[in-house]
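First, one chain by itself in structure tokens, the form predicted on its own.
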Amino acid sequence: MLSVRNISRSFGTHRVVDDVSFDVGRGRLTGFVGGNGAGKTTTMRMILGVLRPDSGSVTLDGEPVGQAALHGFGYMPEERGLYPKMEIGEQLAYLARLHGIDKATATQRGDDLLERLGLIERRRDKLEALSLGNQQRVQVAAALVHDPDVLIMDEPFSGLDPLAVDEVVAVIAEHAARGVPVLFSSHQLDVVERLCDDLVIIAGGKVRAAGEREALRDQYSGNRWSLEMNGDVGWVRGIPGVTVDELAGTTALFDAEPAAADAVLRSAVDRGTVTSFRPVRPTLGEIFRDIVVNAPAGAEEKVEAA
């Protein structure tokens, strides 16, 4: 398990990351989301040892993360970090060899990843000759080519079309299935919701919510309900303790404590056939927006270094 405990980092007088703690379990895909300047990239750089935290610690399976452990990390930065005039197949093999992998194995690993990511026919092309989306796929391959023990990815789906997103998701999920802790950030909350096992939401340099995806959805569900039946539902407005959010034909969305919701259901059964009655659970996007809106003033102030 990769564990981040109470790490903080300031630039000048501005505290960019403030007492951040979370875990990335082995075999778990952990989404790391926050607005611009929330502290995501700074946190990732501290995990990778690129920046030194002012306080706190990062451990892997209980041991401090030092240079030996970092050698086994895979990292995909948000910005382009490869050689534009180098053939992509040669480049991936070179990066693998930097991790002590022999030439034949390094070449094969690079080709296997290019095959998986739909780029094997472009292996002799220079990176600069590829579209931005295909360059992003090569960035993903570069993070994976040495078969890392831990995978850290900053906006891995940026610039990818839906088909490419599915290809990248499949490759990342395979690594997680082998027990690799995977931490990835993304502004594409629909992809995060589909992919992640766990979620960390950061705003203003502080973790505002963290935990297993479905547990967080339960936690933020509140008391919102959906009723569908075979007749008009306007009568729901007259039930004490009910606040109607939306009426659309035979469907009502409303807020109510469980006792009032039970009264709605009983009344609906008396009036006709109920086709659906359920609590409404929020999407991760709705949870994120609610947390960011309720963060302290200035929490989303953009900081260049973050």
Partner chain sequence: MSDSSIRTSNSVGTTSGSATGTANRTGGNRRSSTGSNQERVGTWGATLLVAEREILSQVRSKAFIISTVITLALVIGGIVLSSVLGNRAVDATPVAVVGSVPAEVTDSDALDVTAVAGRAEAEELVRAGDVDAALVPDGSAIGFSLIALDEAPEGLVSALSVSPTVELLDAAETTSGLRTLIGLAFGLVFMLAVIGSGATIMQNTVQEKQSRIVEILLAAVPARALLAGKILGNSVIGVGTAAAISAAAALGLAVTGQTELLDLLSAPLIWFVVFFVFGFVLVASVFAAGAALVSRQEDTGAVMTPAMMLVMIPYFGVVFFGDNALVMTILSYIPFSAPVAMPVRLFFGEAEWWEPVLSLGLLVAATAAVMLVASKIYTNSLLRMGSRVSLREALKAS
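Residue numbers count along the first chain shown, from 1. Because the structure is a prediction, the values reported are computed rather than measured.
What comes next is about the form predicted in complex with the partner chain, which is not displayed.
Chemist: Let me know the one among 123, 99, 217, 206 whose heavy atoms come within 4.5 Å of the partner chain in the model of the complex, would you?
Modeler: Checked against the cut-off, the match is 99.
Chemist: Report whether the minimum heavy atom distance between residue 45 and the partner chain in the model of the complex is within 4.5 Å.
Modeler: Yes - in the model of the complex, heavy atoms of residue 45 and the partner chain come within 4.5 Å of each other.
Chemist: State yes or no: in the model of the complex, is some non-hydrogen atom of residue 61 no more than 4.5 angstroms from a non-hydrogen atom of the partner chain?
Modeler: Yes, residue 61 sits close enough to the partner chain in the model of the complex that at least one of its heavy atoms falls within 4.5 Å.
Chemist: Answer for residue 167 alone: is it within 4.5 Å of the partner chain in the model of the complex, judged on heavy atom distances?
Modeler: Looking in the model of the complex, residue contacts with the partner chain do not include residue 167, since no heavy atom lies within 4.5 Å.
Chemist: So, residue 232 and the partner chain: in the model of the complex, are they within 4.5 Å at any heavy atom pair?
Modeler: No, residue 232 is distant from the partner.
Chemist: Just to confirm the contact call: exactly one of 114-122, 156-164, 72-80, 183-191 touches the partner chain in the model of the complex at a 4.5 Å heavy atom cutoff, so which is it?
Modeler: Stretch with heavy atoms near the partner: 72-80.
Chemist: Decide yes or no: are 84, 90 and 212 jointly within 4.5 Å of the partner chain in the model of the complex, with each residue judged by its heavy atoms?
Modeler: Looking in the model of the complex, the three residues 84, 90 and 212 all sit within 4.5 Å of the partner chain (heavy atoms).
Chemist: Of 11-46, which residues get within 4.5 Å of the partner chain in the model of the complex if you count heavy atoms?
Modeler: 26, 27, 28, 45, in sequence order.
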